[in-house]
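Presented as structure tokens, the chain that follows is alone, the form predicted alone.
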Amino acid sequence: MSGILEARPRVGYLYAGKSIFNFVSKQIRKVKVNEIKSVPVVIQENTSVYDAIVTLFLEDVGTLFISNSKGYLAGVVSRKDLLKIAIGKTDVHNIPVGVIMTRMPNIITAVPDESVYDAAVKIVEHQIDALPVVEPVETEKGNHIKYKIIGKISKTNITKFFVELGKPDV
């Protein structure tokens, strides 16, 4: 049933030529982002950099997702972004996080029905810690697509997923 062995009448079982890694690879590609996503930490564009830093530590995350006044994804800010601005001689109490965030369309996203494998590839290729899981929403004018933030997929989510895969059946 796993595809590693084939059953042949009057012969018995034969090695199918597929390794266990092929089997695991197929299983990983079947799992969707929606199944392992977690709750995103979202702040508004006009939130001060200081408040963003406090939120980052209180929520114990590495990435904050920024929404605009209508609740759509506007940007992303990471620990590194906040560290760079905090080390400088700037007043972090008066600078909005919207000034330092990475803006759309430069944000790599994931959608709920995307495979966990594809999301992991994006994280590795772009050297980022987390992806916002989004649902595309057409605006009133129909000429732009906005994204509603519905979750996040991070290195931690993927690591937990692999730990669950490795647990023996009891």
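Start at 1 and count along the sequence shown; that's the residue number. Since we're looking at a predicted model, the values are computed, not measured.
Not pictured, yet referred to below: the form predicted in complex with a small molecule.
S.K.: State the residue from V137, I36, V42, I108 whose non-hydrogen atoms include one within 4.5 Å of the small molecule in the predicted complex.
M.R.: Among V137, I36, V42, I108, a heavy atom within 4.5 Å of the small molecule in the predicted complex occurs only for I108.
S.K.: Tell me which of 42 to 50, 27 to 35, 128 to 136, 111 to 119 has residues with heavy atoms within 4.5 angstroms of the small molecule in the predicted complex?
M.R.: Looking at the other structure, the answer is 128 to 136.
S.K.: Heavy atom to heavy atom, is V76 within 4.5 Å of the small molecule in the predicted complex?
M.R.: Yes, V76 lies within 4.5 Å of the small molecule in the predicted complex.
S.K.: Closest heavy atom of T102 to the small molecule in the predicted complex, within 4.5 Å or not?
M.R.: It does: once the small molecule is placed as it appears in the predicted complex, T102 has a heavy atom within 4.5 Å of it.
S.K.: In the predicted complex, does K80 have a heavy atom within 4.5 Å of the small molecule?
M.R.: The answer is yes: K80 has a heavy atom within 4.5 Å of the small molecule.
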